[in-house]
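In the form predicted alone, a lone chain appears below as structure tokens.
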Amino acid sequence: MSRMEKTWLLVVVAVISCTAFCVYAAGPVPPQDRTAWWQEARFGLFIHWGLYSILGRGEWVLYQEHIPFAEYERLADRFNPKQYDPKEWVALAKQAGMKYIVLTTRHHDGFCLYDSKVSPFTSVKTAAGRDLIAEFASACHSAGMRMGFYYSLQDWRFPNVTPHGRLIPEQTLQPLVDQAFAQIRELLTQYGTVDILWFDGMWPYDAQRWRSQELIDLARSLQPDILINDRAGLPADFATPENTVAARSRPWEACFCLNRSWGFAPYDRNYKPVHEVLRLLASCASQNGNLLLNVSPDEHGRIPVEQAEILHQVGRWMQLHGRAIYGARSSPVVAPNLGMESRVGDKVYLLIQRWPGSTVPFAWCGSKVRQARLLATGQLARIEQKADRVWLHDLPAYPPDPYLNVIELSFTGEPRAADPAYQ
């Protein structure tokens, strides 16, 4: 080997060693990389399902009606969802334009939809005789659907842990904490890749007593790329405002139910109309957030037809307008006179709630608008622009989409807001 070859060999070895050291030193995947796919997705399906679906009065029925647990646990002898087909759930989510699904593996009532070795109160050990989470995981993995597990830290089978605000003594809380560690290990080792861990039910609200950091570290050791929400008392990867759109400076996801109930409640007819669901989705995406929209299957595993129809309508809208939602960020060009706006790459989307007629005006635009296209029909507008003021002419007098109309704006250069000092 010549001196030159030896020199190059030493350089190559040094580069490889340096790269290996840098990878080792980098440690776990940084949050911004873990959340990249999730912030591109913007839209997910939440599913609340369990024993409470038999009673049809919501997921808190055990606590709210103060049902003795000995009476409530007998529901497990009736819970045998013959029509449960998670492949249909996944297909519905895909058709609606959703990119991930989060399912309740165990809610506050303590009933596990999977084969837990540390609890007798599971779907495998009672009437169903099936690991319902295994079937769900298989359906998600087969369809390429990202999958999340909801897990309640609370378990109302344990004494004195209902949310009365009382101080739970250590001897009562410790078995509950031990169960959480055991069950999180089960959930993250038995079902392949789990993309999201969605904690809930942290009472008492004390991350130290729950050993939340250790629990999160355990989850990351088992699933290094998993996303974890903020409901174990620590910020983790993303915030979770509930039934409200509350933008944060960090990754966030608003969760909403389609009616007023998370769990199955057939007489709750307070369904959000399609245009309201789309308004919520657009509001989240335009403020750098996600929407996690809940459905509530019945005791047989069927998603109510009213809920499925809403999702079908949303999906039809997403087929034409999804480019304004996926990967959306806040836009520097705004049009509050029209509704909302989002930015994806170098394009801005006007999400118009108040259609103004054949001319669509907006202002405070600091870039030259090169093209404006109505996504519902593909029609191009005639553009008039004077300084920061823009008029889009020759559009329909009446809005062509019945729910939410979107105009895609292309610019010469980067989209920018006008200098607010400009008069």
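One rule holds for the numbers: they count along the sequence shown, beginning at 1. Keep in mind that this is a model prediction, so the values were computed, not measured.
What comes next is about the form predicted together with a small molecule, which does not appear here.
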| item | value |
| --- | --- |
| Contact residue in the model of the complex, from 136, 349, 111, 262 (heavy atom within 4.5 Å of the small molecule) | 262 |
| Position in contact with the small molecule when the complex is considered in the model of the complex, options 73, 195, 200, 299, heavy atoms within 4.5 Å | 200 |
| Triple contact flag 279, 317 and 408 to the small molecule in the model of the complex, non-hydrogen atom at 4.5 angstroms | no |
| Region of this chain that lies against the small molecule in the model of the complex, out of 103 to 111, 74 to 82, 169 to 177, 184 to 192 [heavy atom, 4.5 Å] | 103 to 111 |
| Residue contact check: residue 231 to the small molecule in the model of the complex, 4.5 Å heavy atom | yes |
| 4.5 Å heavy atom contact, residue 391 to the small molecule in the model of the complex | no |
| Contact flag, residue 150 vs the small molecule in the model of the complex, heavy atom cut 4.5 Å | yes |
| Heavy atom of residue 46 within 4.5 Å of the small molecule in the model of the complex | yes |
